[in-house]
Every structure is written in C-alpha cells, then in structure tokens.
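Only one chain is given next, in structure tokens, and it is the form predicted on its own.
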C-alpha cells in the first residue's frame, strides 16, 4: 500500500545551536562547568561544518531544515550586537537556499546569554523586552527567512528548570514555574507583532490515556496554544511521548518497544495528538520526532510508522505540511551528554567524521518520492 503526501510537503530534519554548533558560551555552558555535567565543548562542530552537513541533507532528499540561532552569540553583552555572528547565520541560510532547502529558524532553543541568566532569566519581566529586541534585530537582519519559530518547547523547559529543578537555573517552585510559563507566552505574543512572514512555536504535546486525560490535555497540550492561538500562523508539533495513567501514577506504559533513552515507542500517539490540534485551524509542521537508537534497529520503522499515522490524520482533515526528524546529526543531549544517538547521521566525536545511517537512506526514499510504502 502506498501513502501519498500533499504536494509541496516539506521533508527534513532538525538541530539546535547548543547541541550541534560547539564553542558556545551561555547559561548552559556555565552550568555544565559548575555542576560537573558532561560539557558540550565543540559538540559536532556544526558551526564550522554546516555546509558539509547540508550537503548530506541535500543528498538525503531533504527540502527543509530546522535550526536555531544562538542568542548568546548575537548579543553576548546587553545591547552589543555581534554583526559577524549575524553574518554567520546569514551564510547558514544562504547555504540552505543554495541547496534548495527551506530554512525553519528557531529563535530560542532553551539557552540564554549569561547576562540574561544573571538578571533572573525568564523569571524577570525585563527578559521579555530583551528577547523581543533580539528577535526584532534578527528578523530585520535575516529578511529572506519565511518560517520563524520563536520558542522551543516552553513546557519542557519550564518543567525541568523550575518544577523538577533538573536544568539551569535548577529551581523548584510551582509559583516560579507558572511565572516563567506566562512570561514565555507573553514574549511570543510581543514578538508576533514584529513583521514575520510566518510565525509559530515548537510545542511538545503528548498522547495521554486514562482518567486524567481532560486535565492533562488542557494543561500540557492546550494551555499555551490557547494563550497564543491568535498570534501564530502555524503550529510546530514535537511528538515523542505516550503517557498512560493508572490510578495516580503517570507513565504506566507497556513499553513493548523502547528507545535507548527508555522512552516507549508509540507511533499511534502522533495521530491523536495531531487530531487534537485540528481545532486550531492552523497548518501544522511536525518540527521534531525522533528516537535515540545507537544500533539503528528501530529508526526506520519508527519514522515509517509515525508517518503512517500522520498520514491518517491528514486524510481526516488535519493540515499537516511538513515533517522534521530529530535529529540530522547525533548531538549533545542536554543533561544526558553525548551518549544518546538520535541522528540520521552518526558522528564520531573524536574525529568529527560523519557517517550516514541505513535508516537515513530509507527516509531519503520517502522524501524524494513524497510518499511511503507500507
């Protein structure tokens, strides 16, 4: 059976600056040093190797690519713009365009300039204005970009940084969690008035089962989107998780198949999550969907099964226009370090050699043919 995807469907992969570029100096690099976590260091050296990496993306049939701009490079000190770094990101965009690849640009993928962190980060209302000023500078400087993502997964960031206290600034406060979450929504709304061609966020939504579904759907999946629904042209969906609730316990999944991270592989969930987004009447781009799989034994099936269920949602009227696998490259996985391997492309962190995985070639067939054999 062959599943055809809509014409002009975008196929690609995603990365984030801190995870692939190397040589960053931000609140996360400071945290890595002071806590003894594995340091991101030169990561994948993508900052210098982006052209070669985009050659691989082109070879793999990708016609779109999502990446993020590192705010700490652009404004290393308050009010001081580094024009060389802005020019660097213009080169990144030019390199994509030269290869026929549409850029999707994320403006904030969790890291902050040190000076922003020192003023209280997203707890401080001033950061909303600082972020909007940075965004305005970037949008005016990089005029050729059509698709902008202001924020990546605000709910994951706030949960891990302000509720669970795992990530910088490692605070555990429900009050601060709510404050930061609201400030992020306010920041997006403020930025939405800055003259973007297309603007959205990348929202991590989960598929919940059990008696708590209405509550969890509202607070986890819908609250932020409801707040910004009149201030975005599209929705970026990041889907990784199924969450079965039994009694008062979350994550009671069957875990018949899991990733190297121990995350249950549950492709059907993406269908339900996409159907839940239909009510917003916005185009949807699947901006992240991936699996940590060092042996490359799950990835091909993972991609095909998630696309099969995404296609089902499309058939039922959800306006899905693109799919970005996470990630193009193996990369630095935040507090986990370098061991999780999400990449379509394997990276040897000693030599920086790139090696295309077999599953990447299977995904390339889907991208080139704009369709899927099941």
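Numbering follows the first chain given and starts at 1. Just so it is clear, the model here is predicted, and its values are computed rather than measured.
Below, we refer to the form predicted in complex with ligand FCB, which is not included among the displayed structures.
- This chain is displayed alone, yet in the predicted complex one of 123, 264, 130, 153 has a heavy atom within 4.5 Å of ligand FCB; that residue is 153.
- Of the listed positions (333, 70, 319, 32), a single one reaches within 4.5 angstroms of ligand FCB by any non-hydrogen atom in the predicted complex, namely 333.
- In the predicted complex, ligand FCB sits within 4.5 Å of a heavy atom belonging to residue 238.
- Contact check for residue 208: no non-hydrogen atom falls within 4.5 Å of ligand FCB in the predicted complex.
- Not displayed here, ligand FCB is kept clear of residue 104 by more than 4.5 Å at the level of heavy atoms in the predicted complex.
- At a distance threshold of 4.5 angstroms between non-hydrogen atoms, residue 309 is out of contact with ligand FCB in the predicted complex.
- Of the candidate stretches 212-220, 89-97, 295-303, 238-246, only 238-246 contains residues with a heavy atom within 4.5 Å of ligand FCB in the predicted complex.
- Residues of 102-116 placing a heavy atom within 4.5 Å of ligand FCB in the predicted complex, in sequence order: 109, 110.
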